[in-house]
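Only one chain comes next, encoded as structure tokens, the form predicted alone.
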């Protein structure tokens, strides 16, 4: 039998950032992931480092949060990012009429957006659509999803956090209205171990409802599947986005020597085993061609789908649900003290998600230590395998 201050369930980016944050505050931490680290949603997004411009027309606060986190990540994990910058292109009447409002909305959210002549944009990216009428430069970039998360894991492990991959949480023990222990089963050898703990963080992403069910609770989460398509070759070195209100197939992201167009959105009941639909692939390729000439003519590499963990219930596709971060203290909402769920968010805001839930966990455990994850460079991702 072992004791840890905090047990975290979920080994994606949010779990990694939370483990590091709590360990940095001096708490003992163990994390369980049923598969390989980052094998869920974290390892399957298109990898955009959002400046927040995409959200500026809808929610200034979320847009401002993305911009702030972009600056922090560029400082603490620069080698896991590519600061490509981005272009928002108006290729139709809707985009052209929105351009001035879009630039103003970005600036209101502290995002340095600047309209540039289309001719200049074409000098930077010769393959942008010939239909481009207006272009706006924003500080977007790309994320190496695996390396960024692993830098958080390496930093957590260097502070003593115990990381258990291929280990599935099988039960959460609640006694006297408080969490007492987590039971976890190794998927390598089938052994089950009980770990006593003072608090549990549910970082299960789109599986958060299943994690909560282990404690006899429910959380409002909508798994919203998004499909992405990758082709070989960089059709652009900048992130190319369609200037319109968020919709399907409006972002082209360069990743290594690939180009990725994303994404779609549809509500699903089960976030496991998602597959892209043929009509989604067709839509995405056609949409990419409207942004970058000849995208669909590039050699096809892959198509995949991942589930976003939207905080809230939806009877539709989920676009009406905010991408905001939600922290649920189940001691206050459900009478189970020491159990916390973290929902929503984006890859760009993983550090902030860890901070927000760790603030509440630390306060619950009486650990009066502030968040310091924005202050220090993260450990190199390769250190994770070098640590004892």
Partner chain sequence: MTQRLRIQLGGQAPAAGSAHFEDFEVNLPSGATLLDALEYIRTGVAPDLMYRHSCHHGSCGTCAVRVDGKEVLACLTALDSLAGGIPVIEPLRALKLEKDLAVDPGALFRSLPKNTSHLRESEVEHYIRFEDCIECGSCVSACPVTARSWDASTGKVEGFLGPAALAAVHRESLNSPERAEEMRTVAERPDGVAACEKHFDCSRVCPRMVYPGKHIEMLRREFART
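Residue numbers count along the first chain shown, from 1. Computed from a predicted model, the values in this text were never measured in an experiment.
Just so it is clear, the following notes concern the form predicted together with its partner chain, a form of the same protein that is not shown.
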Check your understanding: Can any non-hydrogen atom of residue 248 be found within 4.5 angstroms of its partner chain in the model of the complex?
Key -> no
**Study point:** Exercise: residue 304 in contact with its partner chain in the model of the complex, heavy atom 4.5 Å
**Key:** yes
Point to revise | 4.5 angstroms heavy atom contact with its partner chain in the model of the complex for residue 185 | key: yes
Check your understanding: in the model of the complex, does residue 120 have a heavy atom within 4.5 Å of its partner chain?
Key -> no
Review point. For this chain shown on its own, do 2, 173 and 363 all sit within 4.5 Å of its partner chain in the model of the complex, going by heavy atoms?
Key: no
Revision key, fill the gap. Partner-free chain; cross-checking its partner chain in the model of the complex, the single residue of 258, 131, 268, 98 with a heavy atom within 4.5 Å is 258
Check your understanding: If we take heavy atoms and a 4.5 Å cut-off, which stretch out of 62-70, 34-42, 330-338, 49-57 is in contact with its partner chain in the model of the complex?
Key -> 34-42
Point to revise | Members of 75-108 lying within 4.5 angstroms of its partner chain, judged by heavy atom, in the model of the complex | key: 78, 79, 80, 81, 82, 83
